[in-house]
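The data below hold one chain only, encoded as structure tokens and taken in the form predicted alone.
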Amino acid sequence: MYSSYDVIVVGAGHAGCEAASAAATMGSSVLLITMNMQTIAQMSCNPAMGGVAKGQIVREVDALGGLSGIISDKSMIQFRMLNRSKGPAMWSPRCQSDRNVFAWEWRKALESNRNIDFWQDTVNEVLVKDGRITGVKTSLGVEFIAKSVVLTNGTFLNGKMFIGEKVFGGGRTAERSATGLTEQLIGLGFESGRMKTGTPPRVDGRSLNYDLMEEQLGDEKPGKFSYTDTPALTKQRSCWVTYTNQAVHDELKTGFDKSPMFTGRIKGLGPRYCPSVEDKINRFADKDRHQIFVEPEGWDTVEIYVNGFSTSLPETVQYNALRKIPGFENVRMFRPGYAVEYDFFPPTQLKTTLETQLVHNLFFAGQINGTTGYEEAACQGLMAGINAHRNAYEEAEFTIKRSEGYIGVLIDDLITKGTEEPYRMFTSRAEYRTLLRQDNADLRLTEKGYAIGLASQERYDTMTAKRAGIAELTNSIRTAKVKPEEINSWLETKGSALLREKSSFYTLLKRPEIEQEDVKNLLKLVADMPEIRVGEEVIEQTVIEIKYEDYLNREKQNADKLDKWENLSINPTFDYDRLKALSFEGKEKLKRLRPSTIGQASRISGVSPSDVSILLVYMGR
């Protein structure tokens, strides 16, 4: 028998790293168990963080006090703010990462936390007594005792890898699968399923002809993820874009009879929004080409990630098809793409805290819950780590509402709707996305992170200073007046209507043709504007709040109306059989999913508005 811990985290991927770091930072003694100490925080798929909606999640993790944003800033080789041509609710930060630096920075961060111990082994059993977790048992027969356990097993639970007709056990290339744990959890009463994901071949960048591709540069003024003082990116590596063609498609089709996906050897469903190249050709037969993103894996490597060419076809088919892509005529392949099928546990078996309903103080986070993506895994790990710590110390649960963050949207979607295919976050999933922007994650969440002991005093002070700066600048803009002689010549260059008399600076900024980057110059032109020393973030935030004031107020009102339902708690032991008027399906779903609030109950598929009304009547509302 070895040492006992407050929290044990199983798995050291993106979810496991955030879970271990969060619990340890808040004061728990943590044991992080991983199959391989050399693959902590491995970027198993593409070497990138962020993207549409995913970038918002990374900023929220950072705002709460997590580390994914800081690690991303330290390891990025290119930064782009996506969707700049659209409204600010759609702006999404994304970075290309150095795969090795990312993993190394995570390991350094974890090793620098003295509350974290490490153990290299495979967990094949959780220890449970009287419906409560007591620890884990490893393949070496070693038992560790804990108050809380977080499972972040990724794609390793009974993982099978497929390349053409070849099938072998594993959760990632050159790494074995984890067995035994699924069967034990099923024995405890959990439901399980199978999912599939995949990865493309890696190639030698020296063998590519970039003259035949479109260069994709990073932003001229690269941003970052973290609200802390992480280093600014001073140089960047380019990515490239090329396309498949009919010759590529014809070559790929020669291997369809050996495709594990088409022959039925893979049973699990793959990610809808990141399909394999053979799936794209099959599903979108009318398309004569598909985009291929050529992404470098780091500063000091020639290895290239062929994004958009995920496949499990035979390696010879992969190679021959690659050589027909413009720029890939002389390609040398480092290793083929493959598919991996693995066990997951439908997330409707979880509470809002990501604690399981069946076993007290047992938490699931990441791909074990049916999600896909580093960012989705990281935020689940963070929330599971926070609540594993708080459960261990018998403190109140910590949750985020749908109106407070994309993290809240993701978790609420998972536990109320479940998922039959790998869940990926999009801005369209958030009904309050104008409120949940990437620029204001710190204003929304840092105070919450600080209150629970995760976000540091420095983070909190930085956020409050930013909030004060926004308030001061907004007040000055509201009171300042603009004279025609000060501004008309500039307005003429923008094609904007000229002023005829002294006007409000606040009203002027609402004009659509006046953009955020114009405001810094405008502040200098207006004589009535007091000198205020504020940074780019404060100006950007202030302009957004002014320009979209009406939309923001409407969303806040809608969120406030629905929040009254979110604040109506339902006792977890509530006897739904007592309510005879509930529909049969509604009663069945409510008994199985055990929503914690009326708001959650209303979002469960199969629970009708009349079922919700009956619950409200019973509760006296």
Ligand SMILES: Cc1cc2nc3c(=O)[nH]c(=O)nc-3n(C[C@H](O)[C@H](O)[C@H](O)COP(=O)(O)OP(=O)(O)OC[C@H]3O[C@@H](n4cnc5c(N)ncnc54)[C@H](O)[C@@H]3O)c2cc1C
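Note that the coordinates shown come from a computational prediction; the quantities given were computed from them, not determined experimentally. Counting begins at 1, following the sequence as shown.
The form predicted in complex with the named molecule is left out here; the points below concern that form.
Among 292-300, 192-200, 442-450, 142-150, mark the stretch whose residues have heavy atoms within 4.5 Å of the named molecule in the model of the complex. Answer to the contact question: 192-200.
Contact of residue 373 with the named molecule in the model of the complex (heavy atom, 4.5 Å): Yes, contact at 4.5 Å.
Taking 4.5 angstroms as the cut-off for heavy atoms, does residue 596 touch the named molecule in the model of the complex? Contact with the named molecule, no.
4.5 angstroms heavy atom contact with the named molecule in the model of the complex for residue 255: No, no contact at 4.5 Å.
Given that the named molecule is not shown alongside this chain, does residue 552 nevertheless sit within 4.5 Å of it in the model of the complex, heavy atom to heavy atom? Because no heavy atom of residue 552 falls inside 4.5 Å of the named molecule in the model of the complex, the answer is no.
Single option in 259, 72, 387, 155 placed near the named molecule in the model of the complex, where near means a heavy atom within 4.5 Å: Exactly one listed residue reaches within 4.5 Å, namely 155.
Within 4.5 Å, heavy atoms only, which of 477, 331, 430, 340 is in contact with the named molecule in the model of the complex? Spelling it out, the residue with a heavy atom inside the cut-off is 340.
Going by the named molecule in the model of the complex, which residues of 118-138 come within 4.5 Å of it through any heavy atom? Contacts from 118-138: 121, 122, 123.
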